[in-house]
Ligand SMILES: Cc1cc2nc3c(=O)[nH]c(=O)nc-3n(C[C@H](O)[C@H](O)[C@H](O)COP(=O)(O)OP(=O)(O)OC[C@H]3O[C@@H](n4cnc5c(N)ncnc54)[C@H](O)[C@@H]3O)c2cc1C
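Only one chain is included here, represented as structure tokens and corresponding to the form predicted on its own.
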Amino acid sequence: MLEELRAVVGDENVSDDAADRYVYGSDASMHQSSPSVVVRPVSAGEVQKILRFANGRKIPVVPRGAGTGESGSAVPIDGGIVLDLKRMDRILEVRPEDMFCRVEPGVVNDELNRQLKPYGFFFPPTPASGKVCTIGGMIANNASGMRAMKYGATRDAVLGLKVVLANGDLVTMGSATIIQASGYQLERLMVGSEGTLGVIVEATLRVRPLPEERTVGRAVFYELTQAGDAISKIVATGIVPSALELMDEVAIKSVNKALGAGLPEVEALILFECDGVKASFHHEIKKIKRILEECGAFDIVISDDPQEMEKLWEVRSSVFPATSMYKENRIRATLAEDVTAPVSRLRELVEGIHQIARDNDLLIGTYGHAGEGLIHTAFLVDPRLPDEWDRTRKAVDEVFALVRHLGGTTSGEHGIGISKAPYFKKERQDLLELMRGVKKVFDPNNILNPHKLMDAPEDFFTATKLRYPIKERR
């Protein structure tokens, strides 16, 4: 197998070294399962040859971007080939007059925006991992981020794709036009498919004009529930800020400890941003401020200073890694970390999660894209304590039960992978067989990222090794 793969991509781009296999056996989730080999193609033609080779021998293939996924989507449960697409990192074309660009899957999100800036355009999805995450991974998981409330998620920006199917065929989906109505929109089906239907080798993305102005604000609350009410009321007025974010006390203290951010250490704060022509959104800022004050906010700070705005969003983007520093011996377990509910029930969601934490004697931080009803949960646990893991498992079940009760959904932006599969199956149980049928059409031999989504193991704690081993009971 190794010799045939080396003939396709070169000796230096194939590795079965134990250290490489270990690194490529995990993403940002808790799961670990090493592949047999890592292969790094540089072109669509090489991807075609690799998939023809693998399909003929029924070898599993797991596409991978930067490995920033938090649900185990890129973890190779069945071993086989991990297809590292980071070498395919060219920006092929920028067409501002047609409001699109063409890129390869390994292009990093923030780098794309750096290249678009001189044209006066930007790619709106703004995940916190934007410094490292790749466009291919964003498409595979339908990433969204802080500005999805106004500009939509990745799916809303994908106009067309080039995809290599499991049998090695290269197909073109969608178009380079802003609207199209030609048959099934299979490019939209590929978004969020987590590498189970094909390998994305090129994307045509809709880009937007850079706003003339941006203004960012911060509001502080003594009570978390007050912040939840404020967000619901802002959305209900019809105001569409470009960002509306929530941070609870755990998130605030974490970034203060990790970055010296100097934020007021209260139960909650809201970050908000409005953009566009300043004359048109100035009244929106006034409305938001009035609602915040009515809901009990104080110490409201509003700024259009570029350095201040960048600093504030850098703090927000750092919450995920910073939570691991909140308390000694606690790691951030990526479990139930992007649950989503209707915005009108946001207060019930955050209040319910914190009650679950108290009931199970756990530490759970909450923060996220509250304007979309999306809340990230940081389960901070000590892996040396088996009883704590038992309580964590129970709490995760309860969080997802709460989400279903509120009419929410299992994942807002991080995909299903391994971690959320049991809960996804409960949510979409009437669609699972239909999804399996779609998978079979695209991938009859089930080589593309097998045992994910509707076919993932029922018990995510035992499906793979955990990167943070739990001490055995004595």
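Not measured: the values here are computed from a predicted model. Numbering starts at 1 and runs along the sequence shown.
Keep in mind that the form predicted together with this ligand is not shown, yet the notes after this line are about it.
- Among 274, 247, 346, 200, the residue placing a heavy atom within 4.5 Å of this ligand in the model of the complex is 200.
- This chain is displayed alone, yet in the model of the complex one of 366, 340, 129, 204 has a heavy atom within 4.5 Å of this ligand; that residue is 129.
- Listed stretches are 187-195, 300-308, 346-354, 395-403; the contact stretch with this ligand in the model of the complex is 187-195, by a heavy atom cutoff of 4.5 Å.
- Interface membership of residue 67, defined by any non-hydrogen atom within 4.5 Å of this ligand in the model of the complex, is confirmed.
- Contact check for residue 35: every heavy atom lies farther than 4.5 Å from this ligand in the model of the complex.
- A residue is said to contact a partner when one of its heavy atoms sits within 4.5 Å of a partner heavy atom; residue 144 meets this definition for this ligand in the model of the complex.
- This ligand in the model of the complex is not approached by residue 419, whose heavy atoms all lie more than 4.5 angstroms from it.
- The candidate spot formed by 28, 134 and 321 lies fully in contact with this ligand in the model of the complex, as each residue has a heavy atom within 4.5 Å of it.
- Residues are counted as partner-facing when one of their heavy atoms sits within 4.5 Å of this ligand in the model of the complex; in 75-90 only 85 qualifies.
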